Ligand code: CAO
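The chain below stands alone and is given in structure tokens; this is the form predicted alone.
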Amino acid sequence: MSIKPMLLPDIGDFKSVDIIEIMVKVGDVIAVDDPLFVLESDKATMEIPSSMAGKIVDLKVKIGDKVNTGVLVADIEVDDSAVVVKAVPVAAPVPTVAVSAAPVATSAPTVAPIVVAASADKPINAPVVGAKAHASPSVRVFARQLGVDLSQVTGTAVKGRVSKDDVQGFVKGVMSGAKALPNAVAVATGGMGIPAIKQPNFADFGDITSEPLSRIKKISGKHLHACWLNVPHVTQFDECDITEMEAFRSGLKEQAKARGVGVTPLIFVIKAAIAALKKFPHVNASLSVDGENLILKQYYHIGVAVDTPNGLMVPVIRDADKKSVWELAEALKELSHKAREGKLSPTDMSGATFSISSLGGIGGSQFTPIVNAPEVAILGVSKAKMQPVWNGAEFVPRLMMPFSMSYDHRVIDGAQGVKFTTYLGQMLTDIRQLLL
């Protein structure tokens, strides 16, 4: 028996993350992958599994501590004759695997396995690559969402089982250029050669203060910058008459109250957008990495921008085309709550095929949203207002909603863009058409 240090595994580019729950205590006997701690960042809550098997003899952290990758979290007593092999990436943190964060090229992570000598009758399980992958259902879902072929991933858990750490390590290798990721869509991160904007010393002109950007704004800012540099944007502006839609929505208030949800105009915008995406499938697509092919998606996962105290987040309503108005309202309520509480998981924020940014509840007349690559289009919804509209005989008051769609001009030309927005407006003007 010997005492070994246990270090916090690679948690991506998160820094100084709070420990909000400790799930073990001194004296507990644990196995590899048993949950140890729950960490909470501005973006998500993460459960940290054990990288070793043995008995905990000392905990080096407590609730409320801020931790980083590689810090000492516990001392553990291990059986020197037992097999305890768990690869722990200790390279400099790289972005977490989430659609909302832009890939950043880094050096390939160095994996430092903790190896305890094995007895002759207990050989160490060598990692298996290319064989039939052994992984839990949650890991398989995680890999599928990232476009990772599990047969290409080295399994480092017990009996060669593939863990989420292994999948993340594989994707990080792809980002560094060390591996090729099958079926995944990459986003170029160009911008090299663009001159930087020179800044004066602002203090020369008066008093100043400085405050750090939130982690969400830092991550999303890099991604938005990459999207703006790499996607040739065109924005189509339009407006539609939602007088009848609003009357119908208002009639649902009692039912909505009984169900404990809110039926906002955004629900019907999602419904109309899905109808338009089905009619114009090139908008529900992504451009291949080499720019030679269009990847048409047969599913409709809608990203919805949510304003949170820490910045804008875009959770994803999966299979939105299969959901009723009530189911969409419930999904939007749940995801919005998780976003504002900082409890969105990577799954909650990945896989969107089309995004919607609605400022209707705040104000404004029009805006130009930035395409959330590798998607090829994004819809921006502004505040509706009553306007006089000529009906051929007289001006009548109608509730008009302005909206705009930014799109990737490499995929969508102007004619297709305006056809999409026109059709979308027709669906919102007469929502009965959504039933046809």
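Given the structure is predicted, the values throughout are model-derived calculations rather than measurements. The first residue of the sequence shown is number 1, and the count goes up from there.
Heads up, the form predicted together with the ligand isn't pictured, but that's what we're talking about next.
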item	value
Sole residue of P346, G155, P265, G169 within 4.5 Å of the ligand in the model of the complex, by heavy atom	P265
Of I76, V304, A143, A226, the one that lies within 4.5 Å of the ligand in the model of the complex (heavy atoms)	V304
Candidate stretches 25 to 33, 55 to 63, 377 to 385, 404 to 412, one within 4.5 Å of the ligand in the model of the complex by heavy atom	377 to 385
Contact of A256 with the ligand in the model of the complex (heavy atom, 4.5 Å)	no
Touches the ligand in the model of the complex: A275 (any heavy atom, 4.5 Å)	no
Heavy atom of S358 within 4.5 Å of the ligand in the model of the complex	yes
Interface membership of V234, the ligand in the model of the complex, 4.5 Å heavy atom rule	no
Sequence-ordered list of residues in 307 to 345 near the ligand in the model of the complex, where near means a heavy atom within 4.5 Å	D307, L312, L332, S336, R340
